[in-house]
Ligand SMILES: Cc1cc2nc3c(=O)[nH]c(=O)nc-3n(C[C@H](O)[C@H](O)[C@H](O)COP(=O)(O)OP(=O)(O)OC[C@H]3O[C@@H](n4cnc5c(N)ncnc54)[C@H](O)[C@@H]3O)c2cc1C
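A single chain, nothing else alongside it, follows as structure tokens in the form predicted on its own.
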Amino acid sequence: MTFKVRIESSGREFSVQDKETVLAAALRQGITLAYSCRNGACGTCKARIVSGRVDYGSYEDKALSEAEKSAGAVLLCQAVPLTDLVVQAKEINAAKDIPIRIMPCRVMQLQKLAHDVMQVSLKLAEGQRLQFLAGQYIDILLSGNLRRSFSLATAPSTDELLQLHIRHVPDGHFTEQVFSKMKERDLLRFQGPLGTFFLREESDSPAILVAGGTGFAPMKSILEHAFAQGFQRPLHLYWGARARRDLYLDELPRSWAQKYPNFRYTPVLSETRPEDQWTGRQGWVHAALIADYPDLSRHEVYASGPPPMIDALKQAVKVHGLKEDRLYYDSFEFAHIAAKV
């Protein structure tokens, strides 16, 4: 049995197959709705049911509260229609013409950026190119129908090699392979590009970018793209890490700050070590942002990193004037980060 879904604002319709989620059906038919983790954990794909019924699927309470559910909210990455639906959902037009493809690639370079971060550089087959928006991610496809998601650290204009920043997780199914077994010239397959985390280029509002750990990867892609395009809007990157060694490409954003007048960089460490001899900002990265920008009413905030950082940031900016539709985030939930496992 199939059902029809209509997006209220645009009137666009698409069909959903038996046991298929609304989001999966939309993406299959070239309709890009806001999403990130695809696991019912981050809340990016939250929409409102105008009419119809769904099976809500599995999700985390933090992504969809009972109060929100009672008010008609639903997570499109988990919702399976039980009837035809009309939904109030956010369409992402910038990504609508970018196809999601499965592509083979070869590992061309493995470079250890830190004690627990490996940069993996991938090369596509001759004549192939991946079209993507700076900030999006790909899924590495593994045997057993497993997949692991990693943000692209490469700007779209310099995509001869696609770079991933992969953090080592002890006993992680994929990251153990990356750090102990993977070799240059190995073959992989991936699906992408995925996600709707990217710089909204139609805006000229000052943009604050907040990275946690390897959340720097999509920020690197976004910023290098912005510099290449000559964007003049103010850009301020905060990079939160535990210790100095975890700022694995610290000299790169420092060099950007010297080169581009509209760019600022603020690294923030939460667990400094004696050998760090750190004289910079300390504490939580979201607290540093709020201290610098107590009024966020004119800004946009882009954030990528671990769920605790994203959750803390979401609460902080809410009470400091940031408009709800000006917060864009890529929370490295288990399905996306599965990470780094």
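All values derive from a computational prediction rather than experimental measurement. Numbering starts at 1 and runs along the sequence shown.
The same protein also exists as the form predicted together with the named molecule; that form is not shown, yet it is the one meant from here on.
- Shown without its partner, this chain lists Ala155, Val169, Cys105, Ile92 as candidates; in the predicted complex, only Val169 has a non-hydrogen atom within 4.5 angstroms of the named molecule.
- The closest heavy atom approach of Ser36 to the named molecule in the predicted complex falls within 4.5 Å.
- With a 4.5 Å cutoff on heavy atoms, Tyr137 counts as touching the named molecule in the predicted complex.
- Put simply, Ser331 is close to the named molecule in the predicted complex: some heavy atom of it is within 4.5 Å.
- Interface membership of Ser121, defined by any non-hydrogen atom within 4.5 Å of the named molecule in the predicted complex, is ruled out.
- The stretch among 70 to 78, 122 to 130, 233 to 241, 144 to 152 whose residues place heavy atoms within 4.5 Å of the named molecule in the predicted complex is 144 to 152.
- Contacts with the named molecule in the predicted complex, taken as any heavy atom within 4.5 Å, map within 193 to 222 to Thr214, Ala217.
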